[in-house]
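In the block that follows, a single chain appears as C-alpha cells, in the form predicted alone.
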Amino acid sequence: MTDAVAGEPGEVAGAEGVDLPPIVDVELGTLPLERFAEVLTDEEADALRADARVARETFSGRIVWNVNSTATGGGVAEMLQSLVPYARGAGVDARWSVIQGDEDFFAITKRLHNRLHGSPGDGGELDAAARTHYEAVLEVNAARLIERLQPHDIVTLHDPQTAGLVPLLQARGNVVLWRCHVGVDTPDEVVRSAWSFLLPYVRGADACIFSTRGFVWEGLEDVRLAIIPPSIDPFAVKNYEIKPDAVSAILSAAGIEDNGASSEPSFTRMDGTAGTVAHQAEITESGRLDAQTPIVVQVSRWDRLKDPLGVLSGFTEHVLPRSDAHLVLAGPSVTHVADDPEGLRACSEVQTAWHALPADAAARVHLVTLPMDDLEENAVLVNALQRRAAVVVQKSLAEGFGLTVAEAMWKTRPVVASALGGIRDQIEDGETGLLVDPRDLAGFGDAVLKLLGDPDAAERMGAAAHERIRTQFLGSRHLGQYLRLISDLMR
C-alpha cells in the first residue's frame, strides 16, 4: 500500500493495536436444490441442475467464502442465510464469515454507505485519518481470515465494509470478487467521493458484481463486471405460505393485533422443527389494530434512506383523510444490527414525529419494533405483517435493490414503491405494482388510495407480481448466475 492520503490507499499504522472481537463464522446447514422444483418449470429446474454439476466439478477441493459485516439485519445477511446452504446443496463447500469493527470503523462505513446512496449521512470526512483507520481494522480482519483460507479458495466480499480486504486477500493468491449491493441511478459528487475512497481497493478484484446495471461505477472499465440482481428464498420463514388463521395467531401473540385468534402462533423453522412466537413486539400506538382494519405496511431497517418520516407524512396528509386504513411502520430492534450506528437515531426521529401527530392521526399510526431474539421468529412476524397488509409500501429515498418489495410481491401483495434503483427492475409500473416519485407525497398517497379503493385490481396486480418474482427474482436464478460467474473465472 502507498502513503495514507485522501483518495489513495494508505500505509496502515498500528493495526495490531486495534482491539476487535473474533471473526464470526456463521453456522449454517445444507438446503436441497430440488425443493425449487416446486416453483420452477421443468426447463428451469434442469438448467439449475446443470449449473450445480459444473460447480461441483469446478470447485472440487476449494472453499467458496462469503464475507460481510453482519450476520443479522438487512438484505445481504438474509440472502446469505439461504444462498450459502443452497450452494452446499449443489455440492459446493460454501461458508460465511463476518468481519468485526469498532465504533469508528462502522461510522466510516455507514458514511460510505450513505454517500453511495447520494446522502452525506453524518457529514463526516473520508480523509486520510478515515482511510488509515479503515485499513487498520481490515488489516486485523484480513490476518484472521487468512488463517481460515487456503490460497486456492474463492472469496466474495460484500459492500463497503469489506472492500479494503480485496488487495490483502489477493496478495496471497485467492480469487476475490467484490459485490456492491448499493448505488444510485444518477451519481453526483457525494456519490463519487465514496467511489474515490473505495476504487483503489476494488479495481484489483477478479470481478465486481452489481445488483443493477445503472449502479456500475466509473473507473472500473478494466475490471470484469457482472450484473446479478438479489433474490428471495420462497421457502424461507419470511416468505413461505402462511394461512390466514396462522397470520392472525402470529400477530396476536406478538401483541400487534387484537383479533381473537384461538390457534397456536406456531411456524416451521428452516430445519423442519416447530417454532412458536414467544416474544412481543415493542409498539408505539394510541389505538389498537383489529382484524377488520385495513393496513398499509412498510417493513424496513430504521434508516433515513428508507424514509419512514416521509411515509408517515404521506399517509397522514394524503391517505388518512380519504380512507379508513391504518399505517404500520415496522423495523427490527435497533440494538441487533451491528453495522448500522444510525438506526437508533432514525427510529427515535420517527417516535418523535408520531408524538407530534394530532390525536386522531396518531390513533391510526402504529410503530412496531420487531424482536430479534430469535431470527426465525422475527422472519415469520415480517411474513405475517406483509400477508396481513392491504397495501405494502417501500417509499425509499435511495435503494440498492429493495428485497422487501420482492418479498411482498411474492406474497401477492399490491406494492407502491419508489421509482429508483433495483425497485424499477422488479416492478413493471401499473402491471406488477405502482411506482412513484419518492419526493411526491401527494402522488404516493394517490397510489395507495387507488389500490385501497379497488380490491379487485389490487388482487390482479398482486397475482401478476407473484409471477414476476417467480420468473426473475428467486434464489435459483441468483445461485445459478453466481456459480456460472465463478466457474468462468476459474477457467
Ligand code: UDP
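Note that residue numbering follows the sequence shown and begins at 1. Predicted model only: the values in this text are computed from it and were never measured.
We do not show the form predicted in complex with the ligand, though everything after this point is about it.
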| property | result |
| --- | --- |
| Residue 205: touches the ligand in the predicted bound form, heavy atom cutoff 4.5 angstroms | no |
| Touches the ligand in the predicted bound form: residue 308 (any heavy atom, 4.5 Å) | no |
| 4.5 angstroms heavy atom contact with the ligand in the predicted bound form for residue 109 | no |
| Residue contact check: residue 257 to the ligand in the predicted bound form, 4.5 Å heavy atom | no |
| Option from 297 to 305, 314 to 322, 220 to 228, 89 to 97 whose residues, in the predicted bound form, bring a heavy atom within 4.5 Å of the ligand | 297 to 305 |
| Listed residue (164, 402, 265, 234) with a non-hydrogen atom within 4.5 angstroms of the ligand in the predicted bound form | 402 |
| Contacting member of 160, 421, 331, 101, with respect to the ligand in the predicted bound form [4.5 Å, heavy atom] | 331 |
| Sequence-ordered residues of 369 to 387 touching the ligand in the predicted bound form, heavy atom within 4.5 Å | 370, 378, 382 |
